[in-house]
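This document opens with one chain alone, in structure tokens, the form predicted alone.
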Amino acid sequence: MRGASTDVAIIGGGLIGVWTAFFLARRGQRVVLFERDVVGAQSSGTNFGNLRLQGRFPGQYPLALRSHELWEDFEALIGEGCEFARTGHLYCAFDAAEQARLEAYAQVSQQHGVVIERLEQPELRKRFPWLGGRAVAATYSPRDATANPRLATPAVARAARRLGVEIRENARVTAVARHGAGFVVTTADGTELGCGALVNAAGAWAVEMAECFGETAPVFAAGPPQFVTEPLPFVMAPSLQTIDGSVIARQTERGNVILAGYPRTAADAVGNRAPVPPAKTLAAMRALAGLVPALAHGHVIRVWSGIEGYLPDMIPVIGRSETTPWLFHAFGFCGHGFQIGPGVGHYLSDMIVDGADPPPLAPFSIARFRTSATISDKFHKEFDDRPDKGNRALSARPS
């Protein structure tokens, strides 16, 4: 394999990497994708599966809406399903202050064409009688959906392979270097591959590659705790979320309730571990029972998490390197990468093949980390229980 070359090499076999490979191959590019483990092993295959449009960062809406179109066309595009279901999404508030935040989110969503219904008591209880009395108001987005992350990433990878993409699993990249107008990628077994363009989609490990080219970002590793119950009588059709993040839940057709919630769980990217403390399981089930009393006696049968990259402004890095031509970054998705993954791959392929600068990617440049990192309120909400509270994110200063 020494001396082999390809048009584009992608480092990272999560959903971002495989979607990018898929769209590049559709544009006629020769692509090799490197994954240190197996495709979808981390957060891409272990996340909640939420395809939520309402309540997003305002600058993300053009990307999220294009992504949603691709999710809605998934089976025709990829050739197999991923349990995509347009469930709708119910966003709940517990008091007047939270209701005001819901209204602000709703207005932004509507400005981008997302249909939002506003519900207050007693209409809320009449429409969704399985809700307990804690929720005083909610917004409902009927287009929002869910999908199965354990099915989606491998399906996109298989479709990419059918288009000619070479996917090398258990191939840990140990070095990347500039070589002429392109790059050389070296893996742990000493294999080298030359490429004209390089995509850094390495998740929580991506900053290591960026720093090889004089760039950095204050990425840290964390994991979303996830739980699933035994099959229960079906009561909850839409996916459900509280604005404080204490409950993020959906019920499958089989009756199992999949549950997540803030705060996030600390993860060890070096040891490749993202354990879920038992206290989080108990707290999540108590919060669910308070919101949906009919599920109070459910038994959790499995817990899990995955490692994903976070940034203190809770906004990903997507787009061109600021230091190195033909290097492209796509990392730090902060738990939101599942929904926007197809759009990221689509627009990155346009950027690489056409030399375009798609407007939907404009808010996500790595250049924003040339100065001190902005700390998002969402960051504090999601990570306040961590002993280090993301100290690297707070103290890191790009070189």
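This one's a predicted model, so the numbers in the text were calculated from it and none came from an experiment. All residue numbers are counted from 1 along the displayed sequence.
Just so you know, the form predicted in complex with a small molecule exists too; it's not on screen, but the next bit is about it.
Of the candidates Arg161, Arg286, Arg172, His112, Arg172 is the one whose heavy atoms come within 4.5 Å of the small molecule in the predicted bound form; the others do not.
Phe369 falls outside the set of residues with a heavy atom inside 4.5 Å of the small molecule in the predicted bound form. A residue is said to contact a partner when one of its heavy atoms sits within 4.5 Å of a partner heavy atom; Thr242 fails this definition for the small molecule in the predicted bound form, lying far away. Although the partner is absent from this view, Gly55 stays clear of the small molecule in the predicted bound form, with no non-hydrogen atom inside 4.5 angstroms.
Shown alone here, Gln251 lies farther than 4.5 Å from the small molecule in the predicted bound form, counting heavy atoms only. In plain terms, the part of the chain that comes close to the small molecule in the predicted bound form, with a heavy atom within 4.5 Å, is 224 to 232 out of 224 to 232, 99 to 107, 191 to 199, 130 to 138.
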